[in-house]
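Only one chain comes next, encoded as structure tokens, the form predicted on its own.
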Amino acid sequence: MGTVVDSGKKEANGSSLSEKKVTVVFVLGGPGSGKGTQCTNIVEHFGYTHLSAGDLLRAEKESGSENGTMIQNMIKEGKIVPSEVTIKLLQRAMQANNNDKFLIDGFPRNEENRAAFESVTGIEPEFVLFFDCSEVVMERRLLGRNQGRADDNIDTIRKRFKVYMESTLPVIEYYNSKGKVRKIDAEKPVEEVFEAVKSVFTPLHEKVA
């Protein structure tokens, strides 16, 4: 299970995240690697709660808060939002949920994110699910989807690729050195990708059961 250490930090409702024994799986891969689709499948088949760091940040951005304005500017520039902002949003979402199994999608984005998450929450991931996909395929997918997102224009997409290559790959390398990375070929058809994902989650699911 993901290790939880009591950090002594409590939210306003009086409950501490460390009082919940949780299993966390980080889901990483470049923009357009298909993480969201596969997370939906994992939720349906294995009962995890899916927390998308990007969705939480976008929701905060749209809330009109002071943090929201800062987040909007950073996303527009393709930059990484400060760790403490994203971690607070993740903590809030995990505490508000009765589940004890979480997929954290699109986080940690860099080494500083990773170290801060483990330090603040006291949680290490059970493993990292890494969707390996070439930049050419990811760019084609992003340009082809029609979700009306302002951050899906070609310039911003390439900024996001650059940030991903420079910042997120070292996180994957760190966890790989600890034997915690499960790499999935994300260029295959969706059904084949999920078959590979199932082979990763089924043993863990059976062990817990």
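Start at 1 with the first residue shown and count on from there. It should be emphasised that the depicted structure is a prediction, and the values quoted were computed from it without experimental measurement.
Heads up, the form predicted together with uridine-5'-diphosphate isn't pictured, but that's what we're talking about next.
Any non-hydrogen atom of residue 88 within 4.5 angstroms of uridine-5'-diphosphate in the predicted bound form: It does not: once uridine-5'-diphosphate is placed as it appears in the predicted bound form, residue 88 has no heavy atom within 4.5 Å of it.
Residue 101, heavy atom within 4.5 angstroms of uridine-5'-diphosphate in the predicted bound form: It does not: once uridine-5'-diphosphate is placed as it appears in the predicted bound form, residue 101 has no heavy atom within 4.5 Å of it.
Partner contact for residue 54 in the predicted bound form: uridine-5'-diphosphate, 4.5 angstroms, heavy atom: Residue 54: contacts uridine-5'-diphosphate in the predicted bound form.
4.5 Å heavy atom contact, residue 74 to uridine-5'-diphosphate in the predicted bound form: Within the cut-off, so yes.
Listed residue (180, 183, 58, 50) with a non-hydrogen atom within 4.5 angstroms of uridine-5'-diphosphate in the predicted bound form: Of the candidates 180, 183, 58, 50, 58 is the one lying within 4.5 Å of uridine-5'-diphosphate in the predicted bound form.
Selected contact from 93, 80, 137, 115, since only one has a non-hydrogen atom within 4.5 angstroms of uridine-5'-diphosphate in the predicted bound form: Checked against the cut-off, the match is 80.
Listed range touching uridine-5'-diphosphate, judged in the predicted bound form by heavy atoms within 4.5 Å, from 27 to 35, 61 to 69, 172 to 180, 40 to 48: Selected stretch: 27 to 35.
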